[in-house]
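Given as structure tokens, the chain that follows is alone and in the form predicted alone.
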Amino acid sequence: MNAEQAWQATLGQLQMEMSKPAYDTWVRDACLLSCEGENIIVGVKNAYICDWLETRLIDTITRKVTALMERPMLVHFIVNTKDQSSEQENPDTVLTQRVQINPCNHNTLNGRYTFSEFVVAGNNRLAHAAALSVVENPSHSYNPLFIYGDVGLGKTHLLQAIGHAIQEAGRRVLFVTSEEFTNDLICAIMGHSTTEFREKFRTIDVLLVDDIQFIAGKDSTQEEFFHTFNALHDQGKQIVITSDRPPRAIGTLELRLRSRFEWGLIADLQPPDYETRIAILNRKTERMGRLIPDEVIDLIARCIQNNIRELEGALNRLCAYADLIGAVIDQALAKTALSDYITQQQSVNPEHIMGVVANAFGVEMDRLVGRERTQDIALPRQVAMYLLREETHQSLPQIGQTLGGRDHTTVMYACDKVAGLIENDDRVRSRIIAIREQLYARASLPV
């Protein structure tokens, strides 16, 4: 294995061994920066994570990397700060420097989050196009650009891709999470340095703010962000914001901030369809240098529908499991390694899906599977076909049989039509999102 492959495999092994909260907090965002001889340099978001990994996990990680690369290795953690590029020019300095704890430091943009690594499809086409427009004409296309979507759908990836592209054009970019903005404000107040704080955030060309929903209910943070927003907007500077929900759905968000977030364009990210999930997995396997059978890729894509991060995590987990036991990756191995994902998917069965769809549209189940072709039943039936295709392992002929013995070409037409409506019709998209939420909320209830 090369260093990148070994690091990805190590992440997969740690994901299997650690609890999800611990992995997400301390390990998930760690990235390989360089490999110089026997030294592997790993970047993390802040000094707290750096210290935690050095005191709690360094031996375990070193042991895993050494085993995977089949030679003695030394792992070093550093804070991925804005001075990273200059530090990389002098590896000896990187290895000997002790990072000071400073809660006001920010990580640089992740090198993997670029437009070239972003898979474009119907679920994210609007947000992607808007992001490109902002890059081409900052502050004149959409200002602010507000991107929202559920966890793991690519908001941070798209936000940082904008940052990379604008930085390449020579403009000053500041990427910050809302939590970091709050921490910086606290640091400034405690250190009597609010002037420096405002200069930092108001003398840039582009401000990228991730997860803005977390400033809701924080009065002082909202007040400062309101004035920062105004100062940048008045200067013709670009602002891009992400959230897990649209502005109107963020509780306890001040009305004046909400109105400003709605000044520009609001673009949403939806869960990827089956074809997009396949493309994402193929892109990742190519980057990892792994050969994964098509039937295994298909299994992963059908098991995980609503979270790209989980989709990639499942692939990491499978590769790590195969490396640990020295087995060849095939469908049987994948079912063993990903058993919890498969169990979760199987809890959403075809009858359950049809029942939720029928209830959502206010139609009887008999009409849904019957031969009637009136307009009021056509759309619910097509939505049911689309969700059966997306959420279960059923083939097109099986779906046709489930929906009253229809031909597979009818099912294919219905799936394509609903996919088009999701991309172009806000009402249909919102309705299907609500159905999916209801579907999985019920599926997760205890038996």
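None of the values given here were measured: they were computed from a predicted structure. For every residue, the number given is its place in the sequence shown, counted from 1. Between two forms, the rigid core is the largest collection of C-alphas that superpose within 1.5 Å.
Below: the form predicted together with adenosine-5'-diphosphate (ADP), not depicted.
Of the candidate stretches 361-369, 136-144, 112-120, 191-199, only 112-120 has residues with heavy atoms within 4.5 Å of adenosine-5'-diphosphate (ADP) in the predicted complex. Proximity of Leu315 to adenosine-5'-diphosphate (ADP) in the predicted complex falls outside the 4.5 Å heavy atom cutoff. Contact check for His157: a non-hydrogen atom falls within 4.5 Å of adenosine-5'-diphosphate (ADP) in the predicted complex. Although the partner is absent from this view, Gln238 stays clear of adenosine-5'-diphosphate (ADP) in the predicted complex, with no non-hydrogen atom inside 4.5 angstroms. Although the partner is absent here, Ile308 is a contact residue: one of its heavy atoms lies within 4.5 angstroms of adenosine-5'-diphosphate (ADP) in the predicted complex. With the partner omitted from this view, the residue of Ile186, Ala249, Val151, Leu324 that lies near adenosine-5'-diphosphate (ADP) in the predicted complex is Val151 [heavy atom within 4.5 Å].
Proximity to adenosine-5'-diphosphate (ADP) in the predicted complex, defined as a heavy atom within 4.5 Å, singles out one entry of Ile304, Ile280, Ile215, Val209, which is Ile280. When the rigid core is held fixed, the Cα atom of Tyr48 travels 2 angstroms or more between this form and the one not shown. Shown here is a form in which the CA atoms of Tyr48 and Leu153 lie at least 3 Å farther apart than they do in the predicted complex. Wider separation of the C-alpha atoms of Tyr48 and Phe197, by 3 angstroms or more, is seen in the predicted complex than in the present form.
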